[in-house]
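Next up: just one chain, as structure tokens, the form predicted alone.
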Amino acid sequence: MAKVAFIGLGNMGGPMAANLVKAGHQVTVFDLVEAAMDAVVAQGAGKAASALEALAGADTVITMLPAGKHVAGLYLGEEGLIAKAADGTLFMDCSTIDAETARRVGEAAAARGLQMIDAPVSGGVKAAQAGTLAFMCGGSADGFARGKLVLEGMGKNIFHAGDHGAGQIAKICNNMLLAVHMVGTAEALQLGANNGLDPKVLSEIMLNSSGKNWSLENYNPYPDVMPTAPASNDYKPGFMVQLMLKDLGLAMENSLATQSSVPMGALARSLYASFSSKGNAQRDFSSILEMFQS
């Protein structure tokens, strides 16, 4: 089993670290929020006073951070994790960040003879808690093979997308499509409701027809259609609107850099930006349905 340093214990990182403990790994955690650490320590993890203290003795380091600037700040520089790590350390960054930063950090690790993979996740908080996340990984084949043994303690579907940064590209493509079909599902359900159809009946019809999609099947945005969905719990996340907006922003930045045409993604970002600005940033992203109710 691995000796894991897990840094970043937010809504996703906390349950991910706890699942590694359950899988039998020796886990030491660090987060700026004391209570977040204590919750995982109560399940059997060790506790560090700093990221560098967590690094000491670890053969695998996993980070789950808000943005690229935080990842670069933690890994790079004379006092960064890459400079301070022991030979043979494997780094896995599970944050969703821009691909360029992922490449830069991955190349810095390689220059020191260390393996690193970018491994952003899909599935949301429930999948993090259940240990059924999907991981989209970028990095060397050897690094991926080694990292997969640890990732299997947190996820069900683990993919190698390519070299450094490829995991981030796969993630933004996936979430751009997710945003598009969530918006489409929401407006279709509301159109039916406006015409007197029962959203449960309409959902069943579309699930057995050509309109079937993940949002409709697993995350229905209409209240009281799917009891386990955030829509049936006052749109408590889940996956917040502000996080979807962040991922769509990364997709738009990349589309400009690569001169890619993404009109549906751009429209989805515009809709989510407008919805977020009306006080909905911390609600679940499926609450976009309410935009079509006015």
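Being a predicted model, the structure only gives us computed values, none of them experimental. The numbering used is simple: start at 1 and walk along the sequence shown.
Quick note: we don't show the form predicted together with a small molecule, though the next part is all about it.
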Checklist entry - Going by heavy atoms within 4.5 Å, which of 54-62, 254-262, 32-40, 223-231 lines up against the small molecule in the model of the complex? => result 32-40
Checklist entry - Quick one: of Thr101, Thr89, Ser95, Ser203, which gets a non-hydrogen atom within 4.5 angstroms of the small molecule in the model of the complex? => result Ser95
Checklist entry - Only one of Leu74, Ala108, Val183, Cys137 has a non-hydrogen atom within 4.5 angstroms of the small molecule in the model of the complex; which is it? => result Leu74
Checklist entry - Does the trio Val125, Phe239 and Lys246 actually contact the small molecule in the model of the complex, every residue with a heavy atom within 4.5 Å? => result yes
Checklist entry - Is there a non-hydrogen atom of Leu20 within 4.5 angstroms of a non-hydrogen atom of the small molecule in the model of the complex? => result no
Checklist entry - For Ile7, is any heavy atom within 4.5 Å of the small molecule in the model of the complex, or not? => result yes
Checklist entry - Quick one: is Pro66 in contact with the small molecule in the model of the complex, heavy atoms, 4.5 Å cut-off? => result yes
Next on the checklist: Is it the case that Ile82, even though its partner is missing from this view, gets within 4.5 Å of the small molecule in the model of the complex, heavy atoms only?
Outcome noted: no
